[in-house]
Each structure stands twice: as structure tokens, then as C-alpha cells.
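The chain below stands alone, shown as C-alpha cells; this is the form predicted alone.
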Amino acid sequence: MMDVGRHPNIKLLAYSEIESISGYIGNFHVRVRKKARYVDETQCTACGECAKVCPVAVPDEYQLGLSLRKAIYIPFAQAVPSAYLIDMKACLGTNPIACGKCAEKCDKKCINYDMQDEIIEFDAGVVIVATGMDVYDPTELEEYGYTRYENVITSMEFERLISAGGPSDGHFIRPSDKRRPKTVGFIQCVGSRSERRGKPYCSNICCMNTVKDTLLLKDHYPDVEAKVFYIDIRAFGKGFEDLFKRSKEAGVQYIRGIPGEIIEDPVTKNLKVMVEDTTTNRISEHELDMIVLSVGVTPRADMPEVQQLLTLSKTPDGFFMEAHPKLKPVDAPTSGVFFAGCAEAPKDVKDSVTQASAAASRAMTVLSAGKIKLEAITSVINPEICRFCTICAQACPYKAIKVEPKKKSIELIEAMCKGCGTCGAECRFGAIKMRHFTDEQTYAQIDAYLEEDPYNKIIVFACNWCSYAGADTCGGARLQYPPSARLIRTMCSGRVDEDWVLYAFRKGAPIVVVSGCHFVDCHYIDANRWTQKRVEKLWDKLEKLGIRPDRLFLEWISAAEGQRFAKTMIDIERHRQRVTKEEIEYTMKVLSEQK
């Protein structure tokens, strides 16, 4: 961080937050609120005399509340800039001045209680999102007694206690009596791999973090007895298995089983746990001086704000979703935005550094090009037909369409358009056409499929990234499914126009299927939510016309679900066989009259 602060080409805005980001790739406009520090950072020499006279002491966030700090403080030892700031929530007051001791003590006169927040605006070509992660708060797991029992701590608190810059100057002590513990237990997967409480995913770093902590403990205090309670150890990185072996060779006991409850002895403050060791099929009891809860990784609490700023997608786990997990692992769905670190998924330091380097390289690829190339699948708007209803602007997941109804103007920013086609499907006036995947091409495919023997055909609209790829996975795996399915590829299920479905029914299709990405995994952020609304409207319309709505299917199938695609097609084929010829002819007649 200090190298970053000294770099001539890097402007570091510490103690700041982004208020808004507008624009698009190559032309982002950023508005930042630089919070008032109440200390002139250019004049402060970090002598620390002000903190010595400050009468206020509050829990230190950097030390996770294990020690105290003053109301005027430096967040941590290597903070950039190396200057103090005042926590006005903890300060005794400045209006009127109730204390003022820090200002009186400062020889440089760099403390200004009237300092205001500063708004800074600038342009940027690309944005890299490296917002990091939070860790799981185990307070809700009452059986572990975190916050009730002083000697139950988290793995993050362990790191601070054993650190030379920590609250105990690197001397590992029990919080209850400040003595060095003789036996320490580590409980794995706290807040991870749990469907009911915590997160269902593996947090990636916890196992090896505990292995490292046990080695640290043994290096500092060879006589300390360490026990690790685990489900399974996931040591899949380079050199990780060797570290795991070193930990066991150092005398650390690994017990395959998770304690159900922690009980504290009210006199000695020692902790007792009972655990079923699944390797020996025995229940054992352990008395420990301290217990460390290896807490999992969670998405940042402020991710919804960042998501809204940059129009990003999230995975079911809550982390940001990349444009493609293999081909574009650091690119966001929004062009010009890249990911680094745990913003995208839980990862260790090595993987975070690797992804950060990749994000920087991708950013330089854009910045050095001068111009960007777009795929020729974007929308084209005819302003002469447009009624300026703003539906297309609401439907666009990338905010690429700007409509001003009062001025009768509409603009498509092509650099922001990804060609999902949701706007074209929602436009009721035919003012939006798509380059490729046009209406005419789709109608031609439907005609070709239903020209002969339409009663035995199933028309399937499949999105390019998931459902169509899922069908490809199914074929590649040589899985069998009925030959009645006829796939029509679209960039997104959001592109499937209501008229396409009705046209297929009008041409004699017994069944129509609209298929896309899983509801929370849309590659176009939230375009498939418009698919859901459109299909629900179609179900109502078909029912009003006396047509069975269950002849229109809506399915969510991912690229990896080849077996699911085959099973779905088999189930739908059974349903097709129950559709009578009279039903189909009635549908064709009713829809032809409606047209």
C-alpha cells in the first residue's frame, strides 16, 4: 500500500466512498465523496501527541475489538496516508467544542473541526472491482457460545492475538485471564457448508488457514497441544498437502468430527466439547483452554450498492458473477468492468494476486486499444416508429437506452449494448430490430420446422449461453432424448417475443418451450426476469382463448445440465403425446382469427 501511495501514476483516495458511476466502457464518470478527516493529511507528521491527550477510548476495529483506540487515531500502522483522523462519532463534541485537547496539543495546527466532506469527480476508462469480503459472524450459533464465552474466539481474532502488531504484542493469551493456553481447539466450517445456518458453499481458505495457524502456534509454543475438529481437509493448492503433513508431524491432532456444543466451566473458564470421531466411530470428550472458530467467507455487506452502481450480476452464493467462468473469468457482464479478489468468489492470497494481475492486464488491453470492437448483435432503434414509452429502457439490463419522452428523443449507446434482445421483445411498436437473431430469421426457422408433420414437433427457444449449451452438452455426452424437439437459438430467453410463441402455435406446434439460464444466473444480469413476466402473460392469454396454458413450458437449464435437458425433453414429449389433433386445429383457428 505504501508503494501505491508513492507511485506517481496512482492517485489513492483513502477514507472515501463512490457515490455514483455513470457512462460506459472508455467513458466512465465517477463521483467520489472524500470524507472529512478533520486533520490536514498534508501537514500531519503522525507524531501521535494528539492521541496521547485524547480522553476517549473506544474498541479498535482493526484489532477486532480486542484493544482500544482513541477518538483521534491512525486506522493501522501502515495506513496511507500516514496521518491521523478524528472519529466524530466518538469525539466528545466540536459544536460547541467540549474538549479540543488534540487541537491544543498539535504544534502543526493541522486539526480543523470545521472540515467538510469533499466531492471529487473524474473520468475513467475502466473500473476494477476489488471490494474484498466479509467473514461470517458466528454469534447466531448459540451452541458455540461466541461472545458468551470469553475463550471462544474466531480465526480472525486468533490472527490478531498471535500477530506481533496485535493487542498482546504477539504473545498468545487467553482473553479471560491473559495466560498462555495449554490446549487449543480449532472447529472447522463454522458458517460454511451449512444449508440451515451460514452459507452452503465451501469458503476455500478456511482449511489451509487453520493448518497455517496450527504451525504458527507450534512454532511459537511447541508445548501447546492443538486439536482440529473437521469434516474433511481440503488441501488442494500447490504445496498445501505438504503443509498439512507438516502440521500433523508437528503433533497437531486432527479429529474428523464437528462438536455439537461447547460448555464452559464457570470456575476455570475451560471449555468442554464432545465429538463423534467418524474415523474411529467413537465419541470422545475434550477439555480445552481456548477454542478457535474457523469462520467462513461471506460477500461484502455493501455489495448491493456496488451492484447497482455498475449494473452487475450475482451468483446464488451472493458474489459477483463473471461474464464467462472459463473464457472471461475476470470480466463483468458490463463492458469495461473487471473483478479481482474475493469480490468474485472466495479465494486465497495467491489466487487473488493472480486475478488482480489478470484484471490489470484486461484493463490495459482496453485502455491501450483506443477503440473497442463490438459484436454485431446490438439493437437498432427506429426513432420514427418509436412512441417513447420507455419500456425498452426499463427492460435493458445495461441501461444502454436513454429515452426522454418530453423531448421525443431516444438514444442507444452501442458500447453498452450486449445484444440480449430483451428491448426488442418488449417493444410493442416494432421500433427495435436486432442485428442477427431477427424476427424474420426466427419466423423462417419456425416455418421450416413446422412445414411437414407439425403435430409431432416441439419448438424449443433456447438461450445461447445456458439452455442451448445444455443441449450441446447433452449431445456431446450422447444422451438420448426424443427427436421431436426443434431448437431455435436466441442470445437470451429475454429475446423470445410473445409473437414468436403465438406464431408457432398458429403454425400447428403442439408444444412450445421457452428455456433460459437459471433465474439467478442470467448472463444478461436480470433479462430472464422479463422472460418470466412475458410467459406468465402468455399463460393468461392462452387460458382466456380456451387454449391449455400447460402447452407452453418455461424451463431453466444451465450449460452443464445435459442430463437435465434430456430428462426435460423426455417429460415434455410425453406431454406432447397427450395433445390431440383437434386441440391443435382449434388453437390454429383461434389464433388466426385473433391475428
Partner chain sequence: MPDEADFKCLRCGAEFKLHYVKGVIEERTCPRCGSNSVRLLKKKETAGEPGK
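Residue numbers count along the first chain shown, from 1. Only a predicted model underlies this, so the values are computations on that prediction, with no experimental measurement involved.
Quick note: we don't show the form predicted in complex with the partner chain, though the next part is all about it.
(request) Could you work out which of Lys35, Lys52, Arg564, His29 is the residue within 4.5 angstroms of the partner chain in the model of the complex, going by heavy atoms? (result) After the contact test, the surviving option is Arg564.
(message) Considering non-hydrogen atoms and a 4.5 Å limit, which listed residue (Ala559, Leu64, Leu552, Cys44) is close to the partner chain in the model of the complex?
(response) None of the other options qualify; the answer is Leu552.
(message) Within 4.5 angstroms, counting heavy atoms, which one of the listed stretches 35 to 43, 52 to 60, 524 to 532, 66 to 74 is next to the partner chain in the model of the complex?
(response) This holds for exactly one stretch, 524 to 532.
(request) Determine whether any heavy atom of Lys105 comes within 4.5 Å of a heavy atom of the partner chain in the model of the complex, and answer yes or no. (result) Contact check for Lys105: no, nothing within 4.5 Å of the partner chain in the model of the complex.
(message) Using a 4.5 angstroms cut-off on non-hydrogen atoms, would Phe519 count as touching the partner chain in the model of the complex?
(response) It does: once the partner chain is placed as it appears in the model of the complex, Phe519 has a heavy atom within 4.5 Å of it.
(message) Residue-level contact is defined here as any heavy atom of the residue lying within 4.5 Å of the partner chain in the model of the complex; does Asp571 satisfy this criterion?
(response) Answer yes; at least one heavy atom of Asp571 falls within 4.5 Å of the partner chain in the model of the complex.
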